[in-house]
Structure formats: structure tokens, C-alpha cells
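Okay, here we've got a single chain as C-alpha cells, the form predicted alone, with questions on binding and movement later.
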């Protein structure tokens, strides 16, 4: 059985995808985890009109289709359903979630794996707000303030026991991920917040790893006023139901 599967949800990421795959392979090889028999990257492509899927097929020819697995979907169906679809394709005993836009550097993947092996935690989550080395780079003050306020509101209302609720760079035991995701009702940007909150309330153990988050180099951010309102509505729903 494959040991680690990395799920990369993508939408219009043709410029970022080759570089993030190259970085993932390099970091795993440097850490001695580069055996491609045990690492699978699952690309979930939401019908990206920029040809992201075509780029992925080219990468499959380079790295092999047992290592780069493409799962195409008929439309832009949301982040939560992208992870569910990716899980159906992934074979790993551990599932790692990260963004494809280079905001999550693959250099932290070996640290996640080492922390999990040391602590035997069910989940290892990246945090921008705790520990030496954590932080955000490339955001303007408005974006930083939005993130801080969103995380603070979630901390006060949900008491999740982790320092970074709105992040999306995490490593899960597969069985834990499958059980928790089956109970998640949120979509979009609230999905990650509900996922980690439900996990802690179900008694699963979480370890944290300080990470640096870097704003995307290519493409445009998907975060806008609509996503902010979706987040606030989702937060209120979680407050009343969790």
C-alpha cells in the first residue's frame, strides 16, 4: 500500500503545477522519502479552462502515472468536494493536503512526517501563528488583517485547540480523514475549519508545525468578498451545530 498521498486541488494552475511537483519530488528525495512507490500526488482538476489538466498529463509522462494521478471533474464544484474526490483516487495510508499555488512550500512535508512519527498524532497541521518560523509573506495589510480576524473569531467561537484554523496544509492518518470528512457539511473555505474542529471534538490528536505561507506568484487569488461572506455564514453554522 502507498504510504503517503498528496492531494492538490487545482483550478487554473498550469503555471504553478510543474514547479510545485518538482519541489515536492526534490524535498522528498532530500529527506530520503523519495521512493515513488510510496508517494502519490493526486491532482484534482475542476475543469480548468487554462489547460491545467494537459500540463498534468505532461507531468505524468515525466514522473510516471502511478506517481502523478489526474482526477478530472466536470465543473468547479468546490474545495471540500475536491478533497473527497481526491480521497477516492488516493491510495496512501496518510493523506497530505496542500495548495498547488506555491503558497505552501513542500520543504515542510518532511517536517510534518517527522512530527507525526515522533508524536504518533492523528493529524499534523501547519500553523502560521505559533512557534518559531511561522508567518505570512507577500500579503498586504488588508489581507493579513482579514486572516487574523477570521482566525480570532473562529478561536473564540469554536475553541478548537489548534492555533491556525483557516490554514489548509495538513497531514492526516487516512482512517481519521475518512471518518471526519464523512461528517463535514461545509463547502468552500469553511471546509478546512470544520474538518479540524470536528477532528478535535471527536478526540483525535493534533500536532502543530510552524510554516511560512507565501502569497501566490502566478495567477490570482480566489479569495474575494463572496468567500468572506461564505466564511462568516459557515462560522455561524459551526458555532450552532458543533
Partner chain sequence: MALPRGKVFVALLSVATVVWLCGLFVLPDGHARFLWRVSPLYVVMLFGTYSLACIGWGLLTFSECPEAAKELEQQVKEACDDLAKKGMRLNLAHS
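In this text the structure is predicted, and so the values were computed from the model without any measurement. Positions refer to the first chain, counted from 1.
Absent from the display: the form predicted in complex with the partner chain. The rest refers to it.
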Quiz item: Out of 168-176, 79-87, 110-118, 155-163, where are the residues with a heavy atom within 4.5 Å of the partner chain in the predicted bound form?
Solution: 155-163
Quiz prompt | is_contact(residue 93, the partner chain) in the predicted bound form, heavy atom dist at most 4.5 Å | solution = no
Quiz item: Even though the partner chain is not shown here, does residue 213 get within 4.5 Å of it in the predicted bound form, heavy atoms only?
Solution: yes
Exercise. Spell out, yes or no, whether the shortest heavy atom distance between residue 201 and the partner chain in the predicted bound form is within 4.5 Å.
Key: yes
Quiz item: Does the partner chain get within 4.5 angstroms of any non-hydrogen atom of residue 2 in the predicted bound form?
Solution: no
Self-check item: Heavy atom within 4.5 Å of the partner chain in the predicted bound form - residue from 185, 33, 62, 207
Solution: 62
